[in-house]
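Here we start with a single chain on its own, the form predicted alone, put down as structure tokens.
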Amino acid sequence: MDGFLDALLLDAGYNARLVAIGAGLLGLSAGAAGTFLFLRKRALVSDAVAHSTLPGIALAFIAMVALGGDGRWLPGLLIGSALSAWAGLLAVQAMTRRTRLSEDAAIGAVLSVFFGLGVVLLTVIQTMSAGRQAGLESFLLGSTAGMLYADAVTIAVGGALSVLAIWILRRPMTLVTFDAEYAAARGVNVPRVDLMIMGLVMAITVIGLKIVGLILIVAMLIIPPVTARFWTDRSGRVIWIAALVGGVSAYTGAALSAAAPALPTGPIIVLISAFLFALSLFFAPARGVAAALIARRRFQRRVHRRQGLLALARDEIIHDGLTLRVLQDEGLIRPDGVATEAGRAQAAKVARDEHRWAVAREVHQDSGLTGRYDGLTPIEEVFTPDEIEEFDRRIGGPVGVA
């Protein structure tokens, strides 16, 4: 526990500090950039981009070894993965635009072919004298163990630049993801903005390979915006809530991995993201499961209250136990089922509103009024006092229990 707190407070060593900061910046940028994919309904594209990086990593390693260099040099591996990811992205776009294949089919084809090619190349590398895969398997699930100072700096700088790019480009990207047709009408070059979004996603995918790995980086791009969506309906807020969720998950996961080196960094980060998603799924105030259950219960009580008051107005016996309990809780009936003074007044009001709505439909000759009337919304919230007075004049007198 002490080691975890030290890592959280950046007191676990210089390299651990850099890794935590780099992971936090990566999470910020991944959450924000993933929002644009999520809102654009192109989440699966990130999966194709991620899996397309593997052959690039392997080819970059082979090329650097052939040139007499160190095949483990991270910037070189990242450049190779970026070129390969770009090739995979272009392949998806070409197949989508020039064939009858849907985008998900093109993604499935590119993902499987590129990943299969990467696995074959890793097998070839294993037979080389340069190092039997040279630790390249860490790019599959991510690993910060043994990360060099230069590697940590590269990831931290890349994450910071990605966050800066998102901040600069956030307005046109938000406009395109929210309404591409409106953006085009405003003169925005939609294809170019789409290319910028995919470029950012590709950059974040490449930067995050060492920490999260190509298999799990998709979760860093998708889980934070999905989590953020539970908390707000405004696209601008979704971006920064997703960035916060991603940053907290990555920073906490990197700190936990530093405190317990046996724990893999990437899976820990994803599990923390999933935990925050689960909390939001159940407890978000507007869209969470708990809020939906509470809203449903309140709606049921309103329905039982109305039905009970109508029964009182018609002098009917109430048999439903929940209806009796709702009316008793509000002091509208006594335990013996007899209406109180307040209950009789409310019953008269509900019965009169039923007649008012009937008159309203006759007066306005508007079938749309039927859709607006749910039996629960007070009529005062739909019509003005003068209109309600006219309805009462047409009714001609009190209706229901006085």
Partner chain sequence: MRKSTGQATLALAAEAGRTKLPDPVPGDCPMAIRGLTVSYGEKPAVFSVDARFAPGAMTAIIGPNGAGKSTLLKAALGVIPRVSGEVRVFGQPVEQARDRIAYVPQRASVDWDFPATVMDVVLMGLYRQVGLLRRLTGAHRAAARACLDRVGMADFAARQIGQLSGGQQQRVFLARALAQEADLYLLDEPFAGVDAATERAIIDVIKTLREEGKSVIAVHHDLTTVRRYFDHVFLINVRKVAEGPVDEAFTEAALNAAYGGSLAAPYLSQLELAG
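Please read these numbers as outputs of a predicted model, since none were measured by experiment. Residue numbers count along the first chain shown, from 1.
Separately, the form predicted in complex with its partner chain exists; it is not shown, and the next lines address it.
Within 4.5 Å of its partner chain in the predicted bound form, a heavy atom is found for all three of 167, 184 and 287. Out of the listed residues 177, 84, 227, 252, 177 is the one that sits within 4.5 Å of its partner chain in the predicted bound form by at least one heavy atom. Checked against its partner chain in the predicted bound form, the candidates 350, 359, 62, 39 yield a single residue with a heavy atom inside 4.5 Å, and that residue is 39. Using a 4.5 Å cutoff between non-hydrogen atoms, residue 98 does not count as a contact of its partner chain in the predicted bound form. Proximity of residue 319 to its partner chain in the predicted bound form falls outside the 4.5 Å heavy atom cutoff. Its partner chain is not shown here, but in the predicted bound form it comes within 4.5 Å of a heavy atom of residue 171.
Mapping the unseen interface onto this chain, residue 238 counts among the residues with a heavy atom inside 4.5 Å of its partner chain in the predicted bound form. Contact with its partner chain, judged by heavy atoms within 4.5 Å in the predicted bound form, is confined among 75-83, 264-272, 154-162, 186-194 to 186-194.
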